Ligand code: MLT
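As a starting point, one isolated chain is supplied in structure tokens, in the form predicted on its own.
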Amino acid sequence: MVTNTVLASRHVDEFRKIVGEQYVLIDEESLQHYSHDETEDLHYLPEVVIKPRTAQEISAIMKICNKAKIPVTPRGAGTGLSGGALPHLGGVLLSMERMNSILEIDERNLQVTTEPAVITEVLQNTVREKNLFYPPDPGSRGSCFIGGNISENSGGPKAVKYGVVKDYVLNLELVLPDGEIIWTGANVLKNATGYNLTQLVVGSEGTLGIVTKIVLRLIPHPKHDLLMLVPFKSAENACAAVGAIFRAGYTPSALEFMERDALEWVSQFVSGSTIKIEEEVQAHLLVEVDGNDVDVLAKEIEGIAEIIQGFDCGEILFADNAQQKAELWKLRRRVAEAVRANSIYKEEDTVVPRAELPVLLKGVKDIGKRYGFHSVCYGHAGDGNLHVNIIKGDLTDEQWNGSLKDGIREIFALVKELGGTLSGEHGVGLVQKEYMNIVFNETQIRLMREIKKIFDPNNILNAGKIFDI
């Protein structure tokens, strides 16, 4: 692995010549600002922060760093939850924030070309003006960058019907660690020409190259949606209802799970919330359907409600208007923020086949009892993606930093046993890499390491993320 490298003043001078003095930061306040993301309470200071504007500037920077073997950490909006943008080896923090233009919306071919620092929700709203739809919508869509979404192969509530980021990426402009600039594919819907470099880069967490342009496919925007919030007396029953909905032939556009604590905490966190949680309720499902025929959607939501009645649910709240829909979605999207505000926590991004969700949830609670931790669970139940937030609460620092890891390892072992894996959308980064041997054998990890070495033989780009070389 690359070790911490102290930058020479001549390197800083060269960076200033490339991007301009105001975009090379070495003051303590700036270094502190870029030393953390949303991953727990981790901080690592870079030695210099650089804010390039073009692929050519990044290329010039990478040539210098590759020659001198200076670690480089690419960073988007800093909303990551796995430590992928943390400069734990020092070196250069490459902030992509100035590359923030939507370059072209091709209405004829339903495509958009964008730079990586465009905020996801801004991209969605911009194409919506042309009645087009980019579905992937991570919880931080109002602040996260589309480039970061590429790095983590982000999902979100709409993934259950529409898929995740990888399902919309057609082509990428990529700066390699040695500074060479390439395109990974073609702006076409089908491509059987050689290895699929585009999909290899998606989800690679910034370890193979730096994405500087992105071509995404779009679809027509659905005209209508209906939404309901369903309370359950049992969290496991709520999870069990999920599989039954799909087996009955329905595909909601969103199907979200929130444990009681999750909804209680976020209701207190969000001012003006009017959601009342009955004493016996232990969990909720938020169910949405969308499409172009409102009568068809009404039949679908009624059919789903009928299925759910068989799982001991309470009175269903149907959102009657746009304001109610917005309130319910605001609560769901701000759960993570509410958990962070309530306590020190660790978030594990588990994913299993959706029919196994009840077993996973019960297992998480049983493991928590054995190790003495409380967990708050929520997530994208429709695609089996459960976010397990482990709350520090009364745990001692020794437990929190010691034996808790054994409990987390047991959770991931259960996930593997159920046919799942470590992360559905947050990535591995720094915080999950020690658990990679639970889901991958030596051969699989060796192949990943060899791919990394081909792209980055000097191991300078986001080194030490996902696995060590």
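Note that residue numbering follows the sequence shown and begins at 1. Keep in mind that what you see is a predicted model, and the values were worked out from it rather than measured.
Keep in mind the form predicted in complex with this ligand is missing from the figure; the text below concerns it.
- Taking a 4.5 Å heavy atom cutoff to this ligand in the model of the complex, the contact residue among Leu81, Ala262, Cys239, Val287 is Leu81.
- Shown without its partner, this chain lists Gly382, Pro177, Gly139, Pro87 as candidates; in the model of the complex, only Gly139 has a non-hydrogen atom within 4.5 angstroms of this ligand.
- In the model of the complex, Tyr378 approaches this ligand with a heavy atom inside 4.5 Å.
- Looking at Lys158, you'd find every heavy atom of it more than 4.5 angstroms from this ligand in the model of the complex.
- Taking non-hydrogen atoms only, His387 approaches this ligand to within 4.5 angstroms in the model of the complex.
- In the model of the complex, this ligand sits within 4.5 Å of a heavy atom of Ala336.
- Only one segment in the set 46-54, 64-72, 419-427, 29-37 has residues whose heavy atoms sit within 4.5 Å of this ligand in the model of the complex; it is 419-427.
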